[in-house]
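Here you get one chain, nothing else, as structure tokens; it is the form predicted alone.
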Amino acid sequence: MDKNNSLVKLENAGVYRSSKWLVRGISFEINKGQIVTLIGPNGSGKTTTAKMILNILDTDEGMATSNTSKMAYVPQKINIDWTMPLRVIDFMKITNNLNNTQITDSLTMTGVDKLLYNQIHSLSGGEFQRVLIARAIAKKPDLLVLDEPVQGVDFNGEIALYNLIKKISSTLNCGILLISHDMHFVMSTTDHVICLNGHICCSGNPSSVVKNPEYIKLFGEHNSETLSYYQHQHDHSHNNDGSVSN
């Protein structure tokens, strides 16, 4: 790919902790406008790999190269005192020097601008996830990392969130790294899939990965057949609320 589009790159990267390799031999690149997804069983090194990309974890072997410092991260879990009175606008400003225009624009892009003065504790799982993403994209990052973004969100909310992720990638021309085990929507959204189990078992476009013997070994023949069928049948689009449009 064009070097001018390259945002981050791992080359034979690994992390060694507590007398064992958490991940080893990891090599891939994320480019502008590209959605890359890490999949794999629990403990396979997905979050560790993302932290190498974000320069949160140093590599113990290999290299992590960044061509941008404009990165944003939405973690899998965030600790909030849900009993504390906290409006969306206040939450957006916590440890984040944002002006009102940045806040409004990012909340509008994620479809929750009407919730600006709502209490955080009153939001649904999907609404809160959209606020988290809005907070992450408010400064227009070159790279957005989302760790299990649809966790705790209902089915229609999942569809709407993945539509939103594609919209963000297109609008901001940013690279997106997803971490997810929600295979159906991973396969319908992603440009490039990387299957991890301490190392890269297989990688490529979704249709090739689901046919790979290493993927089938990890997730099962039935799962592979189901996902292949899903991809073939998914010939429609979804609105922001998850409803279907032809």
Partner chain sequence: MFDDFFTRALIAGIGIAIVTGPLGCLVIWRRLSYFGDTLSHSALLGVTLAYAFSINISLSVFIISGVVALLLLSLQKRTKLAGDSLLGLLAHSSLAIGLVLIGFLSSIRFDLMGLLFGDILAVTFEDILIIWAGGLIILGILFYIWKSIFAATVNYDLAAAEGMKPDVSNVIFTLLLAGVIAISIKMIGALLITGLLLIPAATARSLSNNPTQMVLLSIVTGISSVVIGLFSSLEFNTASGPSIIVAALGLFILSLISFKRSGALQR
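The term rigid core refers to the most C-alpha atoms you can superpose between the two forms while keeping them within 1.5 Å. Numbering follows the first chain given and starts at 1. Just so it is clear, the structure is predicted and the values come from calculations on it, not from any experiment.
This protein has a second form, the form predicted together with its partner chain, left out of what is shown; the following refers to that one.
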Inset, instruction - Report the stretch among 172 to 180, 101 to 109, 114 to 122, 149 to 157 that approaches its partner chain in the predicted complex to within 4.5 Å, counting heavy atoms only. - result: 114 to 122
Legend entry - residue 91, heavy atom within 4.5 angstroms of its partner chain in the predicted complex: yes
Legend entry - Contact test in the predicted complex: residue 51 vs its partner chain, heavy atoms, 4.5 Å: yes
Inset, instruction - Determine whether any heavy atom of residue 56 comes within 4.5 Å of a heavy atom of its partner chain in the predicted complex, and answer yes or no. - result: yes
Inset, instruction - Look up in the predicted complex whether residue 166 has a non-hydrogen atom within 4.5 angstroms of its partner chain, and give yes or no. - result: no
Inset, instruction - Decide if the three candidate residues 75, 78 and 97 all line its partner chain in the predicted complex, where lining means a heavy atom within 4.5 Å. - result: yes
Legend entry - Contact set, 150 to 170 vs its partner chain in the predicted complex - heavy atom within 4.5 angstroms: none
Legend entry - residue 88 C-alpha shift between the shown form and the other one of 2 Å or more, rigid core reference: yes
Inset, instruction - Verify the C-alpha shift of residue 123 between the shown form and the other one: is it 2 Å or more after superposing the core? - result: yes
Inset, instruction - Report the direction of the Cα distance change between residue 124 and residue 167 in the predicted complex, compared with the displayed form, as closer or farther; the change is 3 Å or more. - result: farther
Inset, instruction - Might you say whether the CA atoms of residue 94 and residue 58 end up closer or farther apart in the predicted complex than in this form? Their distance differs by 3 Å or more. - result: closer
